[in-house]
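Just one chain follows, in the form predicted alone, and it is written as structure tokens.
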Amino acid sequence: MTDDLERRFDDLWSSLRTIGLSAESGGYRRFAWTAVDDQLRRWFREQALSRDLSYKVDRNGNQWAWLGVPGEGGIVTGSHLDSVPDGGAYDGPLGIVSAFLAVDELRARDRPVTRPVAIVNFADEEGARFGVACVGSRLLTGVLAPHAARALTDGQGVTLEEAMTSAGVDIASLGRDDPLLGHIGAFVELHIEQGRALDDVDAPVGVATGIWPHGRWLFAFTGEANHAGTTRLADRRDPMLPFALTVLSARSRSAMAGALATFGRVRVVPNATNGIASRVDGWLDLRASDEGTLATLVQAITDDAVSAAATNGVTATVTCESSTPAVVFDEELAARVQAALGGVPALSTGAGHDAGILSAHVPAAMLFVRNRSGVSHSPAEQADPADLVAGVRALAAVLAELACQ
């Protein structure tokens, strides 16, 4: 089975490669609970059934493919299939393609599989459509309340409740799923590295030690719409000014603290070239090495925003839309993963993952596959075929260590 793994990887990857691919940008537009997402979900189901795996959709819309009967102590791997707008090919799908191939490898080994093994596709990990990341895993673990999830709205005013209902999900049953959590003895997520640490040490695979605390905050500035050509500067209540000052504040303060601040999404009302805006909404993504630094930065940036707004006759409100504490992955599980791989580099990350959400509820670990470009959330994301195969083999070795006893 292992001799032709590169060919089998290429075949499986090709079956997924064109779904949601934008000819315009070269990136992927795979947003939760859309027609494209439906194609991805049907692909997952087909891969599960073609391998005689038991296919299930849980109460929160996450997809599962089980080898063996689901039960206590199951070993779960997988990731997500959705993307950020015009994202790269590997972020998410690599973990699921590798999982199916790793299970193929596991079944071909001489050692019997003595624990149930599952592959999972977590719904709406990126939060690109409804603004909250890791919705599927947050609902599963109870981190996101069902009523709050149902009320999430996309840019066209469609609620998550409406979108999931249209996709055939019974939203009445959303919420924490203790029986399913009880089936997870360990969760191991394989993911493309979202940086260049592995390339710096010339290693195809690494193990994650933890995830920085991070969150998303909506900064809303409300002023007064007016004519760009007739309104004197002194008479303006322009929300764009305090917003711009807040962007600069976030950048300079995070640089001094060794943190990462990004305003990557903006909404302007009425968004007219010859008009002064009445409102500017900007979403801050903020990540820091520890929770104290993160909290201090959020407060300082908020104070700067409120002050800049007052100076310009504008009001400012700040709303935390999601917050994820620091994650330190299970040390015992990490040691077993390291032992199964004969020792590989260990690294932390500032990127959030479903594994980070699950880590507070079940033992969790992550494998990273080298990203030669060091670029993520972009079509420039890149991995060598040899590294992709090394990732599959590493995941198969970890599954064998955990499930074949």
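The first residue of the shown sequence is 1; numbering continues from there. The model shown is predicted, which means the values in this text are computed figures rather than measured ones.
One more form of this protein should be noted, the form predicted together with a further copy of the same chain, which is absent from this view; the next part is about it.
Exercise. Out of L347, L341, V375, V57, which one falls within 4.5 Å of a further copy of the same chain in the model of the complex, going by heavy atoms?
Worked result: By the 4.5 Å criterion, the partner-contacting residue is V375.
For this session: Identify, from the list I75, A259, L101, V169, the residue with a heavy atom within 4.5 Å of a further copy of the same chain in the model of the complex.
Result: In short, A259.
Exercise. Using a 4.5 Å heavy atom cut-off, which stretch among 36-44, 62-70, 347-355, 332-340 contacts a further copy of the same chain in the model of the complex?
Worked result: Comparing against a further copy of the same chain in the model of the complex, the contact stretch is 347-355.
Exercise. Taking 4.5 angstroms as the cut-off for heavy atoms, does T317 touch a further copy of the same chain in the model of the complex?
Worked result: Contact check for T317: no, nothing within 4.5 Å of a further copy of the same chain in the model of the complex.
Exercise. Given that the partner is absent here, does R251 sit within 4.5 Å of a further copy of the same chain in the model of the complex, heavy atoms only?
Worked result: Flag for R251 set to yes.
For this session: Tell me, yes or no, whether D285 is in contact with a further copy of the same chain in the model of the complex, where a contact means a heavy atom of each within 4.5 Å.
Result: The answer is yes: D285 has a heavy atom within 4.5 Å of a further copy of the same chain.
Exercise. Looking at the partner-bound form in the model of the complex, is R150 within 4.5 Å of a further copy of the same chain by any heavy atom?
Worked result: Looking in the model of the complex, residue contacts with a further copy of the same chain do not include R150, since no heavy atom lies within 4.5 Å.
For this session: Kindly confirm or deny that L12, R17 and R107 each have some heavy atom within 4.5 angstroms of a further copy of the same chain in the model of the complex.
Result: No: none of L12, R17 and R107 comes within 4.5 Å of a further copy of the same chain in the model of the complex.
Exercise. What are the residues of 176-210, in order along the chain, with a heavy atom within 4.5 Å of a further copy of the same chain in the model of the complex?
Worked result: The stretch touches the partner through Q194, G195, R196, D200.
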